[in-house]
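Two forms of a single protein chain come next, each set out by itself as structure tokens; they are called structure 1 and structure 2.
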Structure 1
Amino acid sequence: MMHTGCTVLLGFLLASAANAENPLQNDPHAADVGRGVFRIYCSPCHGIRGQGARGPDLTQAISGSGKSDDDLFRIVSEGSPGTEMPGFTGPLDEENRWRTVSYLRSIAGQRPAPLAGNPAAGRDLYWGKAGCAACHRINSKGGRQGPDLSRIGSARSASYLRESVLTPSADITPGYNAIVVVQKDGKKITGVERGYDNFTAQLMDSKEEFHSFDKAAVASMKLESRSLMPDTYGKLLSASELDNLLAYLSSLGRPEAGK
């Protein structure tokens, strides 16, 4: 920590730090090595080429976002609060985090085209006809059976969200698989996983009540790689309604959403 009596100088230094450029920007190997780091630590969520999966498409999300290298470094280091993006200060030293930033800059292409839909109309659909709030929460309102969507627009690409709405079981957020338990009296209980191991299962049913089971005390219990969300939204919603809903979901958690 630098100590100085000159407030003006300190302010300048802080401003410079906030807009710090990548110290490895002239290193010819930085992006190359950063790609190796990315493939190990980042590709599980962002895809092997950064084109997005559970995490956003970074080839599109960075350009035009106004994020400086320092912003990207901070996200890589500390994660993105409110999303599943963790910080990598532990596993990656400072140089490797900067190399990751170098690689991200090297793959950043054009900013994605604005979505066709109308977010305001999508909001009405979400809270009305589509019934999404029965299972999902946004800013502390709604159900708990599905993932909280308060910041889903900053955590998922639009194409991923489209797939999630139309084919909910295509890729399931960890912790939201279905558990089906058949008790010894034949009674079947289905719910969202809260825990599942070699000997026990914990689930939340559609009334948001918790159940805990001992494998030895039931007829069967199974974790199923499927979502409990209906897969009928392709039929329930028209193409334009779907665009509106996706425009609303994509706006959640984005700073420009309020504009």
Structure 2
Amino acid sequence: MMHTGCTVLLGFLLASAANAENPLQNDPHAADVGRGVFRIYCSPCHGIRGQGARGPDLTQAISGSGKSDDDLFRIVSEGSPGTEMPGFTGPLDEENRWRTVSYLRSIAGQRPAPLAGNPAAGRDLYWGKAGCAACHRINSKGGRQGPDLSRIGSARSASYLRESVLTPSADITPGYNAIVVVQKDGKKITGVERGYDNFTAQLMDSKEEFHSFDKAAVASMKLESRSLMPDTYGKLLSASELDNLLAYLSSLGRPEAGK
């Protein structure tokens, strides 16, 4: 950790108390050091360049959010309620949290490299041959068994989307694991997790019907570390079709994208 003098530390405290902008905004090295902090603590969820993985693509999310430096500092410090984003007050001191904010500002608004695919052709695949709409909704249209994809392009990088399409069980969105229940008459019911603990299981099957089970009333019930999404898209779609589908998914939720 780099050390600063008393003058800088005093400025730190005053700026924080007044909810001012980043007190390191004029430090030419803050973003570089913040990059290292980000890669250690943030990249597992947001990608090595902040362009999204399990967590959102921050290069796009921050630029369109209208959040101040103080807002970003608060999120880094306290986390984001209702999401997987934790707070980092414990592992990071105040100075390194501000350095992280400096790095986030430096990447905000970076435009991703253009994809090779055609979004319009990808839209036709999504609603047609690929069958994505059977399980995923976009703007209130489509199925409900999988995650809503209305804003997936602004939340995930193209590389992460490609991995999700080709190997859906590699990183499952929390709350969408498979549950398999075998009833005492031998009937097996498989669906997407809607609730699970040591005593009960709730799931949605492929017909979007909800089921609830008590462990004592069934032969077995198991929460599995796999997705119900098929892993055959690498064979179902040609390379160009896959590029088209990814181009469409990457356009969803971006301000410049068409409807």
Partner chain sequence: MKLLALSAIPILLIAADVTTQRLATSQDDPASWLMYGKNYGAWRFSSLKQMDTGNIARLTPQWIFQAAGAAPIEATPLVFDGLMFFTGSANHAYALDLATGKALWHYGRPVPKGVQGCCGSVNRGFAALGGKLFKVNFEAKLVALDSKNGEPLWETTVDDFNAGFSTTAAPLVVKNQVIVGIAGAEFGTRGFIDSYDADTGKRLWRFHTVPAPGEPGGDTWTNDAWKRGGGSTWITGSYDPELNLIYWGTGNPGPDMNGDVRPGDNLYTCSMVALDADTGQLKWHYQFTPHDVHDWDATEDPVLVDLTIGGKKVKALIQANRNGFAYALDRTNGKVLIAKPYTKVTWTSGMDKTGRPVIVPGQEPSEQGTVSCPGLGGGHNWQPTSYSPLTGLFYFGTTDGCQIYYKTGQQYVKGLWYQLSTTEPVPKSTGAGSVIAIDPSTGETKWRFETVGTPSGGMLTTAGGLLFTGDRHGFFIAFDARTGKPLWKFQAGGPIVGGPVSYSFQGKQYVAVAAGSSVIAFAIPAK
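Under this definition, the rigid core comprises the largest set of C-alpha atoms superposing within 1.5 Å between the forms. This is a predicted model, so every value here is computed, not measured. Residue numbering: sequential along structure 1, first residue numbered 1.
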property	result
Structure corresponding to the form predicted alone	2
Large Cα move at D93 between structure 1 and structure 2, threshold 2 Å, rigid core	yes
Core-aligned C-alpha movement of T83 between structure 1 and structure 2, 2 Å or more	yes
Cα displacement of D27 between structure 1 and structure 2 reaching 2 Å, rigid core superposed	yes
Value in Å for the CA shift of S43 between structure 1 and structure 2, taken after the core is superposed	4.7
Per-residue Cα shift, D71, between structure 1 and structure 2 [Å; core superposed]	8.9
